[in-house]
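For reference, the chain that follows is the form predicted on its own, supplied as structure tokens.
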Amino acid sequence: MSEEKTTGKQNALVNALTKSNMTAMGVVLIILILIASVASPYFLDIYNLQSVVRDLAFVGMIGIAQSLLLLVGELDLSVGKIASLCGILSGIMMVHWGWNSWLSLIIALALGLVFGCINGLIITKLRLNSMVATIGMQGVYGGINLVLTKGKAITGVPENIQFLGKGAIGPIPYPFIFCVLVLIAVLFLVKKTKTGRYIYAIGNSREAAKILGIKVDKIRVMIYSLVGLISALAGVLYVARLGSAQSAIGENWPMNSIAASVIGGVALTGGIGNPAGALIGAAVISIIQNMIVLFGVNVYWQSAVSGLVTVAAISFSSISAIVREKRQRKVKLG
């Protein structure tokens, strides 16, 4: 009898891990934290933990935004350049033009919304592939960055906003608080509203969604606009963290955001996943990168490791599907 109970618990655990990539990666995250805690005496240092949480907040925010697009089967590779451009524009308004710093941040956020909307309109109205179109827009926004800055950083960002990037409430950095607020808002959108149900429907079948009367293109443009807004938020927070606006902000965010989403169980094909998984994926990436630094491994390996983790996550998803299919066949065969 005890053996049957043990087998039942094991089967339940396997089902839970194979059913949800997000659950499995949550377990992986816990294992990574335990390994890092044991292997390095510095990992649990409050300064190091704050640094990790602050870093994952930015990738997490962009990852959550990217997951919205992945849910409809699309992606945006210009998120890093939108973040950088909005950060640069906020710096110009505050430093060069002498505008009120809070007004400058609000305008920068609004511009991010506009840039995202432009992406959405170009893709929907011209029926372009999202990856190809946003690669092109990445060049446009990046070019504007260089024209405005000539490759130089804009220094002298007012100190009254720097707490947004450098400060914390207790041990929790402000950027992570913003990241959690973004996640709550996105989860409310996808889980509690009619629009959220439409997002999943579009991801499962765009043509079927159109037949049902869903305004597919309108929702797609809305999502691109939200992605632009969240990217701008990450950009201005990073400017506040650095105390300067730089064109190099967000260089790795596009690929890391896709990696975080996929690691967290959001399918590249659309219609499957939970935006909360993107935050778990961002945490996995950030902890691995932190472990590389703590263990004295060459920092140039960070990109390679992130790529390997992404491939492993995609492979895990496929393996999970194969395991589910085999189990279902066994059940049918009795």
Partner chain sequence: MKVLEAHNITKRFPGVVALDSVDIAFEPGKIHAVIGENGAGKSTLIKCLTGVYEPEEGDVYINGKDATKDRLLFDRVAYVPQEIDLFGHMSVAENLFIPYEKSGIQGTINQRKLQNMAVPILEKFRIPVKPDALVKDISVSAQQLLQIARACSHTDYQVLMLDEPTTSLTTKDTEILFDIIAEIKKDNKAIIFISHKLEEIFQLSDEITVFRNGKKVAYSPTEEVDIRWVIRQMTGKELDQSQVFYSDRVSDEVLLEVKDFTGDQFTDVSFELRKGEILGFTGLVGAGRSELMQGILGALPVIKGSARMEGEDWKLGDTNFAVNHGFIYLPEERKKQGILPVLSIKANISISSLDELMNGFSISAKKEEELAEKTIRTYDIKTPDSDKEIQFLSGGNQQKVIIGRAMSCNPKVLVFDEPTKGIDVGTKTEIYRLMKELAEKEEIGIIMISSEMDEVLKCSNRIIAMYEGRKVGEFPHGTDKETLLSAIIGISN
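Since we're looking at a predicted model, the values are computed, not measured. Positions refer to the first chain, counted from 1.
Missing here is the form predicted together with the partner chain; even so, the following discussion is about that form.
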Problem set entry | Residue (of 96, 152, 166, 197) lying close to the partner chain in the model of the complex, criterion heavy atoms within 4.5 Å | 197
Exercise. From the list 100, 252, 160, 193, which entry has a heavy atom within 4.5 Å of the partner chain in the model of the complex?
Worked result: 193
Problem set entry | the partner chain in the model of the complex: contacting segment from 202-210, 75-83, 172-180, 133-141, heavy atom within 4.5 Å | 202-210
For this session: Tell me, yes or no, whether residue 26 is in contact with the partner chain in the model of the complex, where a contact means a heavy atom of each within 4.5 Å.
Result: no
Exercise. Does the 4.5 Å heavy atom contact test between residue 35 and the partner chain in the model of the complex come out positive?
Worked result: no
Exercise. Would residue 272 show up as a contact with the partner chain in the model of the complex if we use heavy atoms at 4.5 Å?
Worked result: yes
Exercise. Can any non-hydrogen atom of residue 222 be found within 4.5 angstroms of the partner chain in the model of the complex?
Worked result: no
